[in-house]
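One chain follows as structure tokens, the form predicted on its own.
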Amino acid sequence: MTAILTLMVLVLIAISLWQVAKIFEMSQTSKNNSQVANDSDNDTQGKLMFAFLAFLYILTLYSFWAWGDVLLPAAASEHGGEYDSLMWISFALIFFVQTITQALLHYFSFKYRGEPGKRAMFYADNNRLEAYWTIIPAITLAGLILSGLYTWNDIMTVEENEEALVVELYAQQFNWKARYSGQDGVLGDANVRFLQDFDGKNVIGIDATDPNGLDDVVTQELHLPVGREVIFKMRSQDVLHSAYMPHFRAQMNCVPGMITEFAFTPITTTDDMRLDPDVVAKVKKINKIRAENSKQLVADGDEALEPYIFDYILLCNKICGTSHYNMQMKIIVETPEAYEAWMIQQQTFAQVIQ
């Protein structure tokens, strides 16, 4: 209640100051209140436009220098290279065109600013220029769109592969669960109507009458074997979520009432990615920040932050509720042998409901 009253007082003070300013402005009878810009106004605006151009480019260069190292490391999936190439080509074209057009816009605003005795020139049209700035962008955009469609179709085409690992990502407010197909390589049927079966042990609603589901394995951590294609089938229990795996350049919406699908092949284990020089530098920077923040926490009587260790991660990329920010799951990419050893230790659905 105190906050609301404080806000109301601040709003009333702002309105009062605005009204006083208007009264003061009206009292200045000798002041020129014309709404038409004169040569002095145009001269000032032209110089400000040119100054803003310098500010814009200085800020851009500083941003690259200060935050260029926060970008994602190299893609850890087979298709990630194509995705990154397409993205960087688009970025390069956008940055090139933006640099030129902004420079021309601000320069001409400065060059042709209003000055005493200068008259504006009437320039009707130029068919050749019209053709240039219509045809060139059209060809460029067509190339980007066609290459994008080709890349999209190549990434999104999920072919039949008996050797592929089939994994279901089950989204719910506010956590993820992973379900692995058992020895049969087939996920059993599932539905939210079965969630309460077996005294709540059926945490993702597997249909116990479907034999394909009895050997399925449900986990709170996602393990993937390196070099093997993984076919993800995604469901949502409640609202729209989005399975986002940034290091693998993968994202797919999880829609209530339907199954969405995505596939990729991991190419770098977690241990190998932790040794990547780019990742090592990022982890070092993060831990430096955490160490600085820990000093204040300790001074306040709280525990210090633990050092950050790199892990692949699955995030929700849809604002799905109050704890959306914390909806994540650890992903471990490991050798096929380590994956098989981990899988042997997991309980099947049949064992859980016994």
Partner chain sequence: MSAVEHNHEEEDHGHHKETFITKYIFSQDHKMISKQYLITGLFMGIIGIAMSLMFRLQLAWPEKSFGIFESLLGKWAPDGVMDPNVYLALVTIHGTIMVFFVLTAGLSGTFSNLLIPLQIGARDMASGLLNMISFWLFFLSSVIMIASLFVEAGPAAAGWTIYPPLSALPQAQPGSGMGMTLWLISMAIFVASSLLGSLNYIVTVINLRVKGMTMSRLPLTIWAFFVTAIIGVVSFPVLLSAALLLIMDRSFGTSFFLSDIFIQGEVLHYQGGSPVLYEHLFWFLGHPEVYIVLLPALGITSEIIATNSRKPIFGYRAMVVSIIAIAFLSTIVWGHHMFISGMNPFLGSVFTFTTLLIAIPSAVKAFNYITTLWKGNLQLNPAMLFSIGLVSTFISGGLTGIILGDSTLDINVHDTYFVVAHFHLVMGISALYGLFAGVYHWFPKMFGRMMNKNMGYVHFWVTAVCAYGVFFPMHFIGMAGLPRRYYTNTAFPYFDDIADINVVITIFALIAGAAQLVFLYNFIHSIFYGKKAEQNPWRSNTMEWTAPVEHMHGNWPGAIPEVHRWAYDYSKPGQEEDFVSQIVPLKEGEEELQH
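Quick caveat, the model's predicted, so the values are computed rather than measured. Positions refer to the first chain, counted from 1.
Another form exists, predicted together with its partner chain; not displayed. Remarks below refer to it.
The stretch from 205-213, 268-276, 146-154, 179-187 that comes within 4.5 Å of its partner chain in the predicted complex, counting heavy atoms only, is 146-154. Proximity to its partner chain in the predicted complex, defined as a heavy atom within 4.5 Å, singles out one entry of Val226, Val166, Val218, Ala250, which is Ala250. Each of Leu56, Leu72 and Gln237 comes within 4.5 Å of its partner chain in the predicted complex, counting any heavy atom. Using a 4.5 angstroms threshold between heavy atoms, Pro256 counts as touching its partner chain in the predicted complex.
In the predicted complex, its partner chain lies within 4.5 Å of some heavy atom of Met245. Mapping the unseen interface onto this chain, Gly114 counts among the residues with a heavy atom inside 4.5 Å of its partner chain in the predicted complex. Taking non-hydrogen atoms only, Val280 never approaches its partner chain to within 4.5 angstroms in the predicted complex.
Of the residues in 113-127, those that come within 4.5 Å of its partner chain in the predicted complex through at least one heavy atom are, in sequence order, Arg113, Gly114, Glu115, Lys118, Arg119, Ala120, Met121, Phe122, Tyr123, Ala124, Asp125, Asn126.
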